[in-house]
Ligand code: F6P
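Take a look at this one chain, the form predicted on its own, written out in structure tokens.
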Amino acid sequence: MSKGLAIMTSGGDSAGMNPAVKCCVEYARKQGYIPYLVYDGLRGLIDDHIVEATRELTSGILHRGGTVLRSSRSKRFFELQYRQQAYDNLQRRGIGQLIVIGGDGSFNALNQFYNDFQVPFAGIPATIDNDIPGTDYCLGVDTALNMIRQSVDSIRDTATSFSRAFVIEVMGRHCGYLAMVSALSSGAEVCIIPELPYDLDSIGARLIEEKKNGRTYVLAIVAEGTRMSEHFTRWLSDSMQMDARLTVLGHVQRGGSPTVHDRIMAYKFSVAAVDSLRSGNTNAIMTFRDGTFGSVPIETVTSSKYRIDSDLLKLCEPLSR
């Protein structure tokens, strides 16, 4: 077995990636591997941005958001000649295994790489969308939720001061997880997500009744995947006769120092990834289900559709009607 093990981050960045990089390097070294770092994601594999991981390179990164290894999306990686180039770069250094910290797109890319050249890899789920099938949690989610919570709490101060309605759009691609948890944890009056049908007439009737009973402000959390933020803001202003404002949180949700939860999860995912490769798994994705760490084959991820916890959906149903 080759002793070279390369660690890379790919796709959208998320807090927790840096702690995972640090832990992968340190734990792999203890297991007898020679750890390497791949900078610039898939592009770095092709362009040979690969260096041996020294202690200096991974020192002082635990508290940093984003990824010090940087990331990229590479169209060239879809062409065999460039994957061959990436493989040759690994071969020259004696790197026979990979750990990729990212989302399903990154896992699919590495799976194609495995099919071409039989380079085993382990995947660590890291995306604030929390939409990877097979795992209940992905790195970066807790930090993103805390960034949203801080923003929503600040917006509420203005909402109460001026008796306004605020619509807050959060990220999540086509998954409403961030919006749901943020709405529940912030006490929002409305939550609109792709996974639940919403009834504007019912929402309006409910809010008007609450306004009669003393409500002076409204907070609504809308998932970006619904494409409803601007329309709902206008509707809220017209139906409630309130000054309604839209705040799009955008990429601030990706940043921030990783929370304690994300740091610990990063360590546990990283240990699982290294152990998975040591045990002979070739293309496994690390998972956290029902409080237990495990792994699933990449085929399980690619052939399944992510589904939000039904209990969470039930909690949010009253906010959508």
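Bear in mind that the values here come from a model prediction, so they are computed numbers and not experimental data. Start at 1 and count along the sequence shown; that's the residue number.
There is another form of this protein, the form predicted together with the ligand, and it is not shown here; the text below is about that form.
Checking Arg206, Arg76, Arg93, Arg73 against the ligand in the model of the complex, a heavy atom within 4.5 Å turns up for just one residue: Arg73. Interface residue among Ile99, Ile193, Ile128, Ala183 relative to the ligand in the model of the complex, by the heavy atom within 4.5 Å criterion: Ile128.
Of the candidate stretches 232-240, 172-180, 82-90, 143-151, only 172-180 has residues with heavy atoms within 4.5 Å of the ligand in the model of the complex. Contact check for Glu224, His251 and Arg254: all three have a heavy atom within 4.5 Å of the ligand in the model of the complex.
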